[in-house]
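Below, in C-alpha coordinates: the form predicted alone, a single chain.
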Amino acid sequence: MIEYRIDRGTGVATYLQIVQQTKHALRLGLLEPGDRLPTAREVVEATAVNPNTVLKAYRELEREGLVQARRGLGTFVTKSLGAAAAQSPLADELADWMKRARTGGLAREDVAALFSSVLEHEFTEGEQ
(Lines give C-alpha, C1' and ligand atoms only; values in the text may rest on other atoms or scores of the structure.)
Protein backbone atom coordinates (compact mmCIF):
# COMPACT_ATOMS: atom_id res chain seq x y z
CA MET A 1 0.00 0.00 0.00
CA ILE A 2 1.19 3.51 -0.77
CA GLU A 3 2.30 5.84 2.02
CA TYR A 4 1.92 9.50 1.15
CA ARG A 5 4.56 12.01 2.20
CA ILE A 6 3.44 15.62 2.26
CA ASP A 7 6.05 18.36 1.92
CA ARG A 8 4.50 21.63 2.98
CA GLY A 9 7.55 23.59 1.83
CA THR A 10 7.25 22.82 -1.88
CA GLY A 11 4.47 25.24 -2.71
CA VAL A 12 2.62 22.36 -4.42
CA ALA A 13 -0.95 21.96 -3.21
CA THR A 14 -1.36 19.03 -0.85
CA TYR A 15 -4.02 17.34 -2.95
CA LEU A 16 -1.74 17.57 -5.99
CA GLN A 17 1.07 15.93 -4.04
CA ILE A 18 -1.26 13.00 -3.31
CA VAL A 19 -2.27 12.82 -6.99
CA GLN A 20 1.35 13.00 -8.16
CA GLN A 21 2.56 10.38 -5.68
CA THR A 22 -0.25 8.04 -6.72
CA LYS A 23 0.64 8.49 -10.40
CA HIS A 24 4.31 7.83 -9.64
CA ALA A 25 3.37 4.63 -7.83
CA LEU A 26 1.27 3.59 -10.84
CA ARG A 27 4.13 4.30 -13.25
CA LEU A 28 6.59 2.35 -11.13
CA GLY A 29 4.28 -0.63 -10.76
CA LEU A 30 3.99 -0.13 -7.00
CA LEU A 31 0.22 0.16 -7.42
CA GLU A 32 -1.66 -2.08 -9.81
CA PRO A 33 -5.28 -2.44 -10.91
CA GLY A 34 -7.30 -3.90 -8.07
CA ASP A 35 -5.13 -2.42 -5.30
CA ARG A 36 -6.95 -0.40 -2.66
CA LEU A 37 -5.74 3.08 -1.81
CA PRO A 38 -5.53 4.00 1.87
CA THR A 39 -8.78 5.35 3.25
CA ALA A 40 -9.06 9.09 3.76
CA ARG A 41 -8.90 8.45 7.50
CA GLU A 42 -5.66 6.47 7.15
CA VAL A 43 -4.08 9.25 5.09
CA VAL A 44 -5.23 11.89 7.57
CA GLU A 45 -3.75 9.93 10.49
CA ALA A 46 -0.43 9.45 8.69
CA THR A 47 -0.04 12.96 7.26
CA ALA A 48 -2.21 15.30 9.38
CA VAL A 49 -3.95 16.75 6.32
CA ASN A 50 -7.59 17.72 6.08
CA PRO A 51 -9.88 14.83 5.05
CA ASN A 52 -11.43 17.02 2.34
CA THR A 53 -7.96 17.40 0.79
CA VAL A 54 -7.58 13.63 0.51
CA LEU A 55 -11.07 13.29 -0.94
CA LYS A 56 -10.30 16.04 -3.47
CA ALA A 57 -7.19 14.15 -4.60
CA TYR A 58 -9.10 10.87 -4.88
CA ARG A 59 -11.87 12.62 -6.89
CA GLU A 60 -9.22 13.97 -9.27
CA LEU A 61 -7.73 10.49 -9.70
CA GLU A 62 -11.22 9.14 -10.32
CA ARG A 63 -11.94 11.91 -12.86
CA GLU A 64 -8.77 10.84 -14.70
CA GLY A 65 -10.01 7.24 -14.77
CA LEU A 66 -7.20 5.89 -12.59
CA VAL A 67 -9.25 4.85 -9.56
CA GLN A 68 -12.83 4.04 -8.67
CA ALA A 69 -14.56 4.64 -5.36
CA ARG A 70 -16.73 1.76 -4.17
CA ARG A 71 -19.17 2.83 -1.49
CA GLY A 72 -18.36 1.14 1.81
CA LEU A 73 -15.32 -0.67 0.38
CA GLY A 74 -12.79 2.02 -0.47
CA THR A 75 -11.03 3.45 -3.49
CA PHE A 76 -9.45 1.00 -5.92
CA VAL A 77 -6.94 1.35 -8.74
CA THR A 78 -8.54 0.71 -12.12
CA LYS A 79 -5.68 1.54 -14.49
CA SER A 80 -1.89 1.39 -14.48
CA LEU A 81 0.49 3.90 -16.05
CA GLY A 82 3.80 3.39 -17.76
CA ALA A 83 5.71 0.19 -18.20
CA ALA A 84 6.95 -0.71 -14.70
CA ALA A 85 9.96 1.61 -14.86
CA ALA A 86 11.14 0.40 -11.45
CA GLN A 87 12.05 -2.96 -12.99
CA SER A 88 14.07 -1.38 -15.78
CA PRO A 89 17.88 -1.72 -15.72
CA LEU A 90 17.88 2.06 -16.02
CA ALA A 91 16.57 2.28 -12.45
CA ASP A 92 19.82 0.71 -11.19
CA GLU A 93 21.90 3.07 -13.32
CA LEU A 94 19.98 6.07 -12.01
CA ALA A 95 20.39 4.88 -8.41
CA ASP A 96 24.14 4.54 -8.99
CA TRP A 97 24.25 8.04 -10.46
CA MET A 98 22.33 9.42 -7.45
CA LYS A 99 24.81 7.77 -5.06
CA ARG A 100 27.74 9.29 -6.97
CA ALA A 101 26.07 12.71 -6.89
CA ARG A 102 25.53 12.47 -3.13
CA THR A 103 29.09 11.21 -2.56
CA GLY A 104 30.30 14.08 -4.74
CA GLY A 105 28.77 16.56 -2.33
CA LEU A 106 25.56 17.48 -4.09
CA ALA A 107 22.60 18.23 -1.82
CA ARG A 108 19.18 16.71 -2.52
CA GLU A 109 17.93 20.02 -3.93
CA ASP A 110 20.98 20.25 -6.23
CA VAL A 111 20.37 16.74 -7.56
CA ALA A 112 16.68 17.48 -8.06
CA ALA A 113 17.46 20.69 -9.96
CA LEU A 114 20.08 18.98 -12.12
CA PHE A 115 17.81 16.02 -12.84
CA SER A 116 14.86 18.29 -13.71
CA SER A 117 17.02 20.43 -15.97
CA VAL A 118 18.39 17.46 -17.91
CA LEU A 119 14.95 15.82 -18.05
CA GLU A 120 13.39 18.98 -19.46
CA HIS A 121 16.19 19.44 -21.99
CA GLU A 122 16.19 15.84 -23.21
CA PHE A 123 12.44 15.43 -23.50
CA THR A 124 11.76 18.86 -24.95
CA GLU A 125 14.54 18.44 -27.51
CA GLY A 126 13.41 14.91 -28.37
CA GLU A 127 9.85 16.06 -29.14
CA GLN A 128 10.92 18.53 -31.80
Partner chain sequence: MSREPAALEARGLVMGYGRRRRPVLRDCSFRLPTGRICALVGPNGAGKSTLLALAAGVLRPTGGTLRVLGAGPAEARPRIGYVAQNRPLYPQLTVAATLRLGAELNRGCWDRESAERVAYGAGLDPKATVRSLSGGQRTRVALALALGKRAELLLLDEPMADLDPVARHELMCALLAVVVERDTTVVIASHVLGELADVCDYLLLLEEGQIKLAGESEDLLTAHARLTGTSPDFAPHTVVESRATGRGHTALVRVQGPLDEVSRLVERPSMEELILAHLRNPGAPALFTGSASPAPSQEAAA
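Residue numbers count along the first chain shown, from 1. The structure presented is a predicted model; accordingly, all values stated were derived computationally and were not measured.
The protein also exists as the form predicted in complex with the partner chain; that form is not presented, and the subsequent description refers to it.
Enquirer: Using 4.5 Å between non-hydrogen atoms, is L81 touching the partner chain in the model of the complex?
Expert: No, no contact at 4.5 Å.
Enquirer: I'd like to check something about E45: if you look in the model of the complex, is any of its heavy atoms closer than or equal to 4.5 Å to a heavy atom of the partner chain?
Expert: Because a heavy atom of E45 falls inside 4.5 Å of the partner chain in the model of the complex, the answer is yes.
Enquirer: Heavy atoms within 4.5 Å of the partner chain in the model of the complex: does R41 have any?
Expert: Contact with the partner chain, yes.
Enquirer: With a 4.5 Å heavy atom cut-off, would you call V49 a contact of the partner chain in the model of the complex?
Expert: Yes, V49 lies within 4.5 Å of the partner chain in the model of the complex.
Enquirer: Which one of these stretches, 51 to 59, 95 to 103, 67 to 75, 30 to 38, sits within 4.5 Å of the partner chain in the model of the complex when only heavy atoms are counted?
Expert: Partner-contacting stretch among the options: 51 to 59.
Enquirer: Taking the partner chain as it sits in the model of the complex, which residues of 6 to 26 have a non-hydrogen atom within 4.5 Å of it? Please list them.
Expert: Result: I6, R8, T14.
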